[in-house]
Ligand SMILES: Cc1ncc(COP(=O)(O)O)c(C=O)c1O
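The chain below stands alone and is given in structure tokens; this is the form predicted on its own.
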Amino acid sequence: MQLADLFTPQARELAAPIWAAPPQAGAIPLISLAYGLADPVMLPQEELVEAAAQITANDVNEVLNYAPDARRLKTLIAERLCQEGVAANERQILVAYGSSQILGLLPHVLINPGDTVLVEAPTFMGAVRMFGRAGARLVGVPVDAEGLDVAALDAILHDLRAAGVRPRFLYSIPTFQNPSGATLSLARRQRVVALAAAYGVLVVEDDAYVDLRFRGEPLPPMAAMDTDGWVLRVGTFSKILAPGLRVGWAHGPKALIDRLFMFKPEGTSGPFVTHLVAQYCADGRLEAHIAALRFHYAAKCALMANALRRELPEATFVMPDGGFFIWLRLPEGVKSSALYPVAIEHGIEFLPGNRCFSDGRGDEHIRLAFSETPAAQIEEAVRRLGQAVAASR
């Protein structure tokens, strides 16, 4: 008998670590474009320290003892949703440890082994892992330059209904999609909401990057178009404040919010951190910080795009209007799985495209994150990538 015999089916296969192993001694120092991390130079360190001092000075018992989440944080979230056209209600908001915790709670409420879940193809690899581990049968819906292909979605829903299958939900990243960078057009957003109501399918609208728009006009979220209670809007402060604070949220039908909270083992997300975020965001400081982030990340995105056009003219990509990533289609005959070890030898790391599909497709793509890498290293990173592509051929 072995300890492994006690593991549940979903725990038997050990997933690969998210973070790469440190480079070996003597290897070229690695420049990583693999992870969507915040640029540390943009983290508001001094302002957060000041906010922490203010909340502990004002009511130490409320922020450092057992207590509920800061009420004013839910008020802030509701106000920002209302500005987007969502009829937000504070009683329909769940605060969590990052938006990933919301995604991790969904299987407890909505997925039984064998249930069907629709995901974009490609999509956020963390979501694919969480839904898959819960035993979901993942069905990919193609994404193109305008986001989710709604004609394909309609056909998939029609075929599933004919087979007697009702999907548990559709997981979508409509704005600056991870990894493709595409933004779902207004007409397609309206169509997705209509299809959700017609087929009785929940839409999980993950809008982690919505505030990081470099150009163009913002589009209303699908939650603003939903009149029948079929959209769960998920958001986070990780991309617009500091990922290490781990503060995310969801707004949606109260019956669903209540059940997500029921499976949140620690209850609230902590009085200290929720009061801290609310204090920092007061008096318009968050919006001013977001404006600075947009300018900063737009410049880094343009720097990477120009370097790619110079170093890898045979590769193609759609210039994103915001977010953290460029989704690069490799030159003909180059596969990301074969390129990856060669790239590591050249001191450059990326996310292989097949990590972003539920069925392992996407080997002709790679995801490049420009968010964390210092601007001074981006051109060198792309130069190394070009060398790795040449060597892999």
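Keep in mind it's a predicted model, so treat the numbers as computed, not measured. In case it trips you up, residue 1 is the first one in the sequence shown, and so on.
There is another form of the same protein, the form predicted together with the ligand; it is not shown, and what comes next is about it.
*Asks:* Report the residue, out of A208, M222, C301, L184, that has at least one non-hydrogen atom within 4.5 angstroms of the ligand in the predicted bound form.
*Replies:* Among A208, M222, C301, L184, a heavy atom within 4.5 Å of the ligand in the predicted bound form occurs only for A208.
*Asks:* R189, H275, R233, K239: which sits within 4.5 Å of the ligand in the predicted bound form by any heavy atom?
*Replies:* Flagged contact: K239.
*Asks:* Check R246 for me: does it contact the ligand in the predicted bound form (non-hydrogen atoms, 4.5 angstroms)?
*Replies:* Result yes; R246 sits at the interface with the ligand in the predicted bound form.
*Asks:* Do F131 and the ligand come within 4.5 Å of each other in the predicted bound form, heavy atoms counted?
*Replies:* No.
*Asks:* Answer with yes or no whether S180 is in contact with the ligand in the predicted bound form, where contact means some heavy atom within 4.5 Å.
*Replies:* Outside the cut-off, so no.
*Asks:* Within a 4.5 Å heavy atom cut-off, is S100 in contact with the ligand in the predicted bound form?
*Replies:* Looking in the predicted bound form, residue contacts with the ligand include S100, since a heavy atom lies within 4.5 Å.
*Asks:* Pick from 305-313, 91-99, 67-75, 292-300: which stretch has a heavy atom within 4.5 Å of the ligand in the predicted bound form?
*Replies:* The contacting stretch is 91-99.
*Asks:* Just give me the residues of 165-194, first to last, that have a heavy atom within 4.5 Å of the ligand in the predicted bound form.
*Replies:* Result: Y171, I173, N178.
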